[in-house]
Structures are given as structure tokens and as C-alpha cells.
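A lone chain, given as C-alpha cells: the form predicted alone.
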Amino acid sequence: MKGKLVASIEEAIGLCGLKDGMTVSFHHHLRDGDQVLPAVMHKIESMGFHGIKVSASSIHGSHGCLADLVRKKVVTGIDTNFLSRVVGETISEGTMEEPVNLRTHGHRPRALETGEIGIDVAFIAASAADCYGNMNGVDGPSAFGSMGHAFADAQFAKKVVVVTDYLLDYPLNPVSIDETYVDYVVKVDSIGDSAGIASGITTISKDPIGLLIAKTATDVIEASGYLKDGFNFQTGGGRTSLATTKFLKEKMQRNQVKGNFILGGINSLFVSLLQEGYFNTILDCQCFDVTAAQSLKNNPNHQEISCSHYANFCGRSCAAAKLSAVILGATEIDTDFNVNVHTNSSGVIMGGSGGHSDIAYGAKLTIIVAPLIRARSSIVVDKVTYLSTPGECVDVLVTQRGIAVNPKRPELRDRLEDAGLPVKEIRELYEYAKKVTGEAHRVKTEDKVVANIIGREGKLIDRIYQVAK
């Protein structure tokens, strides 16, 4: 039965009525292994379109074609939650006339709900689908796990095209996103390499300093009073953040704690904590390795959730508001505990908030982990180059040289000191690093705004400027 099946991406583009100036969208669950965004965008270019806007939940290393398409003005607008350096450098050079909008994972679905972002055609990669468009991410040779970031695109795009390399008989089972949202289905040779989901910042640190920081962060959780039955936990995507899972099990075992749920991007270590009974449930918006994708398929206590369910604080309810503790990274943190995760010390875009500012706001205890000195630059600065997560949402900074507690949490500082942890003033860490690295040089910029940083409530919280030539 043909159903909604069409012969090619090109045919689907034609049937959807794509025109110059329209917006197309993609999700990023295949991360550095994704082949759908490049395939679709190359076809859009070959068909002669210009002025296309790209709304992608995140843009990764496999999406380097966008840099060339920006230069050619095939793409003239980008709206995303994370922008890897492969494209970020091009944007930072001021190549695109219109500023990129950099959102949070929680706000993007809200912006789609309200129409702030309008999608004309959503191209949704599915590791398995049937000819009517029922889809999932857990079956087939390219299985990547949760489709959490694609739910809102399917719900609110004017046209929806499913792109899959594994077509099954109707009706598909299980179904993540169902056929009622889908207009067309395209079968391709490959949607990507699922091994790519475990690349870059989603791999666990093996660096001794990173592991020391990760262990100290779990010492902070243990001493904080939040490690008790019903504990809910998430880490960010940074390597040191993910490494905390190596030490959390030991703490939970010693304290005889049974956790409630693990949230966010899920890896094999979290899966082990679920399988061994340390947590009741995993709430999964995206998988960070193939083991997590297999667990989502096979374990009923490993639940797929949408990105809105994950962290949309403008909705009726979300899981991030129930977090006990989170571990997050930073490229910079200032003496007021404001955090930058959007740019490096040179002001070049090489990341984004993702869920950083969402879960920092939602958690009872937000811990930033980072080496005090990275690439001969201090991680602690007098003022962050750009604001990603406000200091009011951050409780603790953990470095290999000591722990700083936000002055708004005096009771937490007392707990950590009573536990014998190396608590310092953040100014002490700043002054020590400055002696080693010298005075930090402010980034030199042009007047042109190249990106808008949009916070979890949809408000503009900072602007990124073109790097000076």
C-alpha cells in the first residue's frame, strides 16, 4: 500500500509547495551522525531556492553545509538552541545579514505553540516508519532513541515530511509520533549513523582533573541534604557533567537512597542506574548513546517524553521543575555566578544553552562544573562575555581548586563547610586564576549583532556581536 509514500525528497519538497523565504525544520537526535538535514538542504539548493530559514532544535558537526549555504544566501535565517563551531564561526564572522536566534530547549516548543516560530515544512528523521507516517526512533539500523525534540515540529508545522531508511508494514508499533500529523513519507538509503549521537560533548570525561571535579560535585550533592529518597537528577551534555554519574551510584549506595527519576539526555551509565534499581524511572528527551536507545525500546520504566514535557516552563507543567539537583558545564562563569555557554573566550559561537538555563532554573540545586583554567584562560571572569544562564539560577561552582557557593545560599555553604569540603569565595578563585593566566582580555567586536540569546521565557537576555576582523 502506497499510503503517503513519495519517491524522493525532491518530490516531497515540490508537493509541500516550498517557496523562497519559507522556513524548514529539523531535529538533532542523530547529532554528529545526521544525514537528513544535509540531504534536504542540498536538494533545496539544487532546486534553486534562496532565502530559506532553518529552524533546527540543534545544529551539529554534521551540519557544516549550512555555513556554505549561508554564504550563498540559500539560507538567510537560523533559529536553533545550539550552534556548533563548524557553523558558529561563519555566523560569528558576520556572514549572515539577519541575527541567529539562540533559544533554550524548553522555550523552542513554546515558541512553536504561540506562533513565534512558524514552520512551513518539517523534515523529521525517523529510524522506522510505515507508509502513513507513524514513526519511532527505536527500530531499524539507524535507531537513535527518543524523538522528544521532534514532537513540537510535528504538531505545529504546516507540512510534515517523515524521512526514514527503515519502512515497515502499517501499523507501526511502537509509535512515537503518529500519522495524523504527517503529510508525506520518503524512504532514503540512510538517515545517518547512530554512532554519531555519542560524539563530542556527550562522551564522558577520562581526564583526571575532570574526574576529580565530577567526584567533588557528587560530594556537594551528598552534603547538600538533597540526596534522599525521591531524588531527581539531571546532568548537562558536558564531559565532566556526564562523568558525575560514575560517582553518583557510590553515594546512593552508601546513603541507601532510592531515586525517583533521571531526566534529560540519557547515556549508558544512567541506564545502569535504572537497571540496578537506584532510580525508578528515566524520562528521556534525547539519547546520548546507542545503549540508551536500546533501553528506551526494551524497558517500560524508560519513558520517552517531548521537549515541552521536559522543560517548557511556560506550559502547564514540566519535569524540569521537579529536579532535585543538576550538574552543568560552562565556558565562563563570572563573580556574580552568571554563566556563558554560547561562545568561547574569543567570542566565537560554539555552543548554546540547550536545556542549560531551563534546568538551572528548575532545580533545587544547580552545580556548575569546570576546570578553573582551560586553554590558558580562567574559567572565572569578572564579567561573562555573553549571558546564557543568570547567576540567580546557579548555586555552586566546582573546580579542581575549590568550591564556590552563591551568597544567596548561606545555609548551603554551611552544610558544605561542615562536611569538610574546600569552600572558597568565588573572588578567591578568580584572583588565583588571574595570577596564573594574567588579566583576561575583553573580546573585540564589531557593531553588528550576529545572534540573539533568548532566555527560557522567550525574552532577549543578550546579543552576540560579530568578532572583530
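Just count from 1 along the sequence shown to find any residue number. Everything quoted here is computed from the prediction, not taken from an experiment.
Below, we refer to the form predicted together with another copy of the chain, which is not included among the displayed structures.
Asker: Which residue, Y226, Y132, F247, Y166, has a heavy atom that falls within 4.5 Å of another copy of the chain in the predicted bound form?
Answerer: Of the candidates Y226, Y132, F247, Y166, Y132 is the one lying within 4.5 Å of another copy of the chain in the predicted bound form.
Asker: Which one of L296, I78, M252, V182 is close to another copy of the chain in the predicted bound form, taking close to mean a heavy atom within 4.5 Å?
Answerer: Going through each option in turn, the one that passes is V182.
Asker: Consider V271 of the chain shown here, and say whether it contacts another copy of the chain in the predicted bound form, taking contact as heavy atoms within 4.5 Å.
Answerer: Looking in the predicted bound form, residue contacts with another copy of the chain do not include V271, since no heavy atom lies within 4.5 Å.
Asker: Is L172 close enough to another copy of the chain in the predicted bound form to count, meaning some heavy atom within 4.5 Å?
Answerer: Flag for L172 set to yes.
Asker: With the partner left out here, check for me: in the predicted bound form, does some heavy atom of N260 sit within 4.5 Å of another copy of the chain?
Answerer: Flag for N260 set to yes.
Asker: Taking another copy of the chain as it sits in the predicted bound form, is Q303 in contact with it (heavy atom to heavy atom, 4.5 Å or less)?
Answerer: Yes, Q303 lies within 4.5 Å of another copy of the chain in the predicted bound form.
Asker: Just to confirm the contact call: exactly one of 324 to 332, 212 to 220, 142 to 150, 173 to 181 touches another copy of the chain in the predicted bound form at a 4.5 Å heavy atom cutoff, so which is it?
Answerer: Within 4.5 Å of the partner lies stretch 173 to 181.
Asker: If you apply a 4.5 angstroms heavy atom cut-off, which residues in 302 to 323 are near another copy of the chain in the predicted bound form?
Answerer: Result: Q303, S306, S308, H309, R316, S317, C318, A319, K322.
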